[in-house]
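First, one chain by itself in structure tokens, the form predicted on its own.
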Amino acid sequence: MSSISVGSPSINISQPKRRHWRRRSEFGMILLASGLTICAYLIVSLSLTSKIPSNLQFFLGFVLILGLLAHLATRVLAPEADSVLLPTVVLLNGLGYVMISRLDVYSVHKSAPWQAAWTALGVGVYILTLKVVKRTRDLDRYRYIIAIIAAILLALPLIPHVGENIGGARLWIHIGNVTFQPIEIAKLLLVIFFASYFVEKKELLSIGTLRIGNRLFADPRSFGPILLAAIVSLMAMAIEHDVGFALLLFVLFISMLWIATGRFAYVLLGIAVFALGTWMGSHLLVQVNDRIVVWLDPWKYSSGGGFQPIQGIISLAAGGLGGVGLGQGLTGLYVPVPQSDYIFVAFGEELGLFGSAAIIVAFLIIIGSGFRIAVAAKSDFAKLVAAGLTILIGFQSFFILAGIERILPLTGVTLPWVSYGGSSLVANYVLLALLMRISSESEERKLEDLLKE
């Protein structure tokens, strides 16, 4: 057992004690998150049936076992990882499941059993990712293999008899009775590829080499990656008819490029290129145009595409400050398919402004923790991967919430860990595992440096 001396008097901090304190805090918060989930489930059941649910023991065991498994895996595989991320995710995932099961009352096809199965798979993939990815630098070595796999995943929905068109977007593949969005995994692989590429090309992208008069400018050839990202994003919009993924991919690329180089000119150029592409897409693609016109005036299309946004606004307004109470809302009755895109509306109606604000705060905690992990990371590659993963969560959450509030056109992305969707849920647990791995590595390196001193 080793110790360090900090100032005077000496303070002995052993590595096992540090790990025990961090994981003990995580365990306590997971129990709290599980308790809140179980209480919410009880309240919904009592509100709807005036009875304690008959499957309470199963639900109790399911929630506690999954949380405990994730905690034990973290304790063994990433003992120095952040102690806030996992409990916050457990809370969001649990509350999302409760709301999905509550909305199933109005649905013929029940989503809650599938969400429970996907959650169990997500926790399993979280553990597997921690087990397989022992060092983040290993990911850097397989940059081009990762890029090829991402490209294949992006192309899978376009293959006849494999890809499936749902809601006008060709993003799904079907295997038997199961549908899956390979794009969700491709996004994570692209984060790793972008991080590896930008770290290698950092000097070329950030230092001006072209002299015009008395000033140095970046070589025009370095703008090639931006144009390539714009082309890929617009191709995704045109071929797969998906606005949300195209926007998320391009924002991710530009944000990581800005972080890597510190050149704000890339951001301005990226905004201009994407704005031009979106303008062209709105004139050439029916789905893009429909989303924009409905966003501008949903009341004009109240019997068609504007029906869902209008009902969402009405449900949010009905919630007021404190909400109508869990199990008492009518979102599931009036808002089409609220389990996915519009699940936040259900929380807004039943928990009000205070409850929905608490969910937003939970996402802010995750985003803040992610950027703190990025800042503390020891290698440039790990910093950029952590920042990219955090950007994914942050902008995906912002796009869906802004779409519901009509700040932006509705993009069709899901609210991470909360909305119904197996592929999104599994991918986000992989994302969480990668953040935890980077966090654990950083803390272990920090402790080693302290011990050397």
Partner chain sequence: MKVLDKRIQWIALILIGCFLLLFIQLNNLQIRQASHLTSLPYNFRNHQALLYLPRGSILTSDGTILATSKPTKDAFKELREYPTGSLFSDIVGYDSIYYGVTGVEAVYNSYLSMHPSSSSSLGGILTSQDTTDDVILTLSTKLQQVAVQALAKYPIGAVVAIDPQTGAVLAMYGKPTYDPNPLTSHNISQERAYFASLNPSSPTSPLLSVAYQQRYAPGSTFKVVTSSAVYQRDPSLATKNYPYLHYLTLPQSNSLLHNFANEGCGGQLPILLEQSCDTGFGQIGLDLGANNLAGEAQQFGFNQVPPIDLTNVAKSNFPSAASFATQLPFLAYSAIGQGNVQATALQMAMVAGAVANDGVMMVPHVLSQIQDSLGQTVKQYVPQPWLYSTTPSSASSVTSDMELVASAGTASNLFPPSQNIAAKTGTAQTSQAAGNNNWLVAFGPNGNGVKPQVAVAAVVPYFPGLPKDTTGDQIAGPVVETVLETALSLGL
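Positions refer to the first chain, counted from 1. Everything quoted here is computed from the prediction, not taken from an experiment.
FYI, the form predicted together with the partner chain isn't displayed, but the following is about it.
Contact check for 151, 189 and 290 against the partner chain in the model of the complex, heavy atom at 4.5 Å: Checked in the model of the complex: no contact with the partner chain for any of the three.
Any non-hydrogen atom of residue 197 within 4.5 angstroms of the partner chain in the model of the complex: It does not: once the partner chain is placed as it appears in the model of the complex, residue 197 has no heavy atom within 4.5 Å of it.
is_contact(residue 32, the partner chain) in the model of the complex, heavy atom dist at most 4.5 Å: Flag for residue 32 set to no.
Non-hydrogen atom contact residue 159 with the partner chain in the model of the complex at 4.5 angstroms: So residue 159 does not count as contacting the partner chain.
4.5 Å heavy atom contact, residue 180 to the partner chain in the model of the complex: Judged by the heavy-atom cut-off of 4.5 Å, residue 180 is well away from the partner chain in the model of the complex.
One residue of 96, 332, 87, 122 in contact with the partner chain, assessed in the model of the complex (non-hydrogen atom, 4.5 angstroms): Result of the distance check: 332.
Interface residue in the model of the complex among 201, 134, 141, 378, criterion: non-hydrogen atom within 4.5 angstroms of the partner chain: Exactly one listed residue reaches within 4.5 Å, namely 378.
Proximity to the partner chain in the model of the complex (heavy atom, within 4.5 Å), stretch among 87 to 95, 355 to 363, 125 to 133, 68 to 76: Every other range fails; the passing one is 355 to 363.
Residues from 81 to 96 in contact with the partner chain (non-hydrogen atom within 4.5 Å) in the model of the complex: None of them.
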